[in-house]
Structures are given as structure tokens and as C-alpha cells.
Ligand SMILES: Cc1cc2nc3c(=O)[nH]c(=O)nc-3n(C[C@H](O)[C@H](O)[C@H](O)COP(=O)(O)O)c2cc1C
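Next comes just one chain, in C-alpha cells: the form predicted on its own.
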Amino acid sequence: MTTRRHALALLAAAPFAPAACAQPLADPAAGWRDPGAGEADPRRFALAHAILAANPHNTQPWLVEFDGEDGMTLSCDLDRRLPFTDPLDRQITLGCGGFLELYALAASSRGLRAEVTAFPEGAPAGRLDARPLAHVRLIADAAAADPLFAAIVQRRTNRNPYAAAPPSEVALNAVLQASGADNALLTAWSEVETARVGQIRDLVWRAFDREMRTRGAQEETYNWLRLGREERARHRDGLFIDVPVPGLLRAIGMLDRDDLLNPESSANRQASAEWREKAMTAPAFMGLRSAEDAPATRLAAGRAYARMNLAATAAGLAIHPWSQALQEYEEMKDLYDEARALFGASGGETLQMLVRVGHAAPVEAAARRAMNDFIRNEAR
């Protein structure tokens, strides 16, 4: 019988030329190279940078409308949410907060200040709806460019293995201070002490394993998988897995849906072992906790995380969210409660972000759709 290893060996040894496409596919990483070049409207310049924000599953859930000479309204593309693993739309809102922060940073590079009004038509009582998340007006005040602006095009979510040596205290403190989150609303923190880090490693691994064994969560992730470079270029979103000749692997039954959803398949057992090693060797963790969990607070937490991510980039650090234990779906409830206890969250306090941080080999930029795909209208 042909085994997976045998098939992969045959594929690696065989000469391969990519199939001809009817037309060339767009470069999925084009948006990272000189974003906003040639744009006279500062809102379009800012938008070209904002769409590079980190966001869950790389769904890129942003829709914008320009108004007047200086206005921009941000809404959520409701079809790009993650209803199973993010039933409250909390993580999607964090991703929208990150978008707003990068928009503001880019505006600052042109001497403009972004005046942000959260939920101008009112905040939802539950999940996000058609109402806007924010309105932004750009105001000329000759402000200096925020130094974090320069890190936007270098920022990555790095899922590689991390080196054993933890980041320096100086580097971690720089990231914490850059977040702007040490206040009554948001608190940023880091953990590098061995026993504490060991507890977090164990928790994030068990939560990751739980998600791999929860059918609804796996199906949701599967819908956002982009297997191979052709799929990545065609969709320009989602979670990229660099699979050689995925069409052939699917044809021989090694990349079919059931195989990828089965936690006991050989592919998932191998992936599980690799991810467990990444969890258990994480040298340090950082996070964000909020005093409460109102929609506007989620936006603020997303903005703070964007700054943390950029500051880590500027300090030469890799950063990667481990969000499973912070997700509010039923199958994760016991581990969610355990996470709250571990981090001392009481009452309405909410763990908004948990990330590993350290040193790792670089990764390529995530795919991004074309800037105009996010615009509902043109400036008038």
C-alpha cells in the first residue's frame, strides 16, 4: 500500500512544472511592498497600511467608506467572522482595532492625527452587526510620525519554533511600554519566570489540542486553509500551508477534507507533534487584560496589541498569538475558566490577548487582498 511518506517522497523526486493558468495570478504579498505609493489622498495611503494589520485566521474582515475630505468609516464584513471559535466576535473586533491603529500610524507619517470615534451609531449588545465600528477623521496638526510606523511593513505573525533563550528584560519592557496599555482600562504584562511559563505552556498546548479535537472548530479553520501557493494567490487571505502540488495530493486522497478534519490522521498527528513542541519550548509569554469587555474596549485592546506587535518587530523579536484558551465557545469553557484563574482575572476582567514571544527564523508576509477590495465607495 502506498503510504503518505512514500507518496511525498515520490513527489519530491519527480520533476514538476506548475500547470498553466488562464491568466497570471496576483502576487499575494504585493501589498507589503511600498504600500500607498503614489496615493495623493492620505486616507488611501493610510488604508494601504491598515490592511496589513494582524487579524484572526487572516480573514481581513474590514470594509471602509470615505466621506467628505477627511473621513473614513470602518465596518465589519460580517461574512468574514469566525462564528464557532469567536462566538462573541471579540477576536474579530480586536483585529479591527489593529486596523485602526495602523491607519492612525500611517496618517501620522503625513503629519495628520486620526480622531477615532468608536461605534458612532451605537455599540451592539451581542455580536457585531451592520453598524460601523468606528469613524475616523484626519486632522492636520503637524504631529511627528510615530516611530512604530516604520515597522508596519516588517511586522509578521511568526509561527516558527522559538529559540530557548528568552528575550531580554529591556526588550520586553520596550514592547510593554509601546502598547500604551498600562492604565485603568488595559494592562499589558509579560512572563519569563520558569515555573510560571511552564504553567502557561501546558495550558496553551491543552487548549490547542482541544481545538484540534473539536469538529466545529476544525471545520471553521479548514474553510480558511489555503493549501499551496496557487490557492494562496487566488484567495489572498486565510491560513497558508505550503503544500507541494496539492491537486495531486488531493487526487490520491491525502489532502481530502475528512483527512484534514480527523485529529487522528497521520497529517494531523504530525502537525500536533510539531505544535506541541512549539508550545512547550516557548521562552516567554505576553498578554493583555482589560477591566471589562465592552465593544469599545475590544477595539482599544486591538490597538494596543498592534503596537505591541510593531514594537516587538522593532526590537527584533518574533511574536505569535496563542488564542485557543481565550475563546468563548462551549467546548473550551473549562480551559477558558482555567486561564482566567491562572492569570487572576476576576469579575468582568477579560483576557484579550495571549502571545508567545522570543527569537525565531523569519517568515514570509501573509497574503493580503487588493486595497480596493476593502472600499465600499470612493471619496466624494
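Every value quoted in this text rests on a predicted model; they were computed, and no experiment measured them. When you see a residue number, it is the position in the sequence shown, counting from 1.
Keep in mind that the form predicted together with the ligand is not shown, yet the notes after this line are about it.
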Look up in the model of the complex whether residue 54 has a non-hydrogen atom within 4.5 angstroms of the ligand, and give yes or no.
yes
Heavy atoms within 4.5 Å of the ligand in the model of the complex: does residue 35 have any?
no
Any chance residue 239 has a heavy atom within 4.5 Å of the ligand in the model of the complex?
yes
is_contact(residue 371, the ligand) in the model of the complex, heavy atom dist at most 4.5 Å:
no
Can you say which of 224-232, 278-286, 177-185, 156-164 gets within 4.5 Å of the ligand in the model of the complex, counting heavy atoms only?
156-164
Exactly one residue in 310, 72, 106, 94 has a non-hydrogen atom within 4.5 Å of the ligand in the model of the complex; which is it?
94
Contact residue in the model of the complex, chosen from 353, 64, 46, 317 - any heavy atom within 4.5 Å of the ligand
353
Check each residue of 308-338 against the ligand in the model of the complex and list those with a heavy atom within 4.5 Å, in sequence order.
320, 321, 322, 323, 324
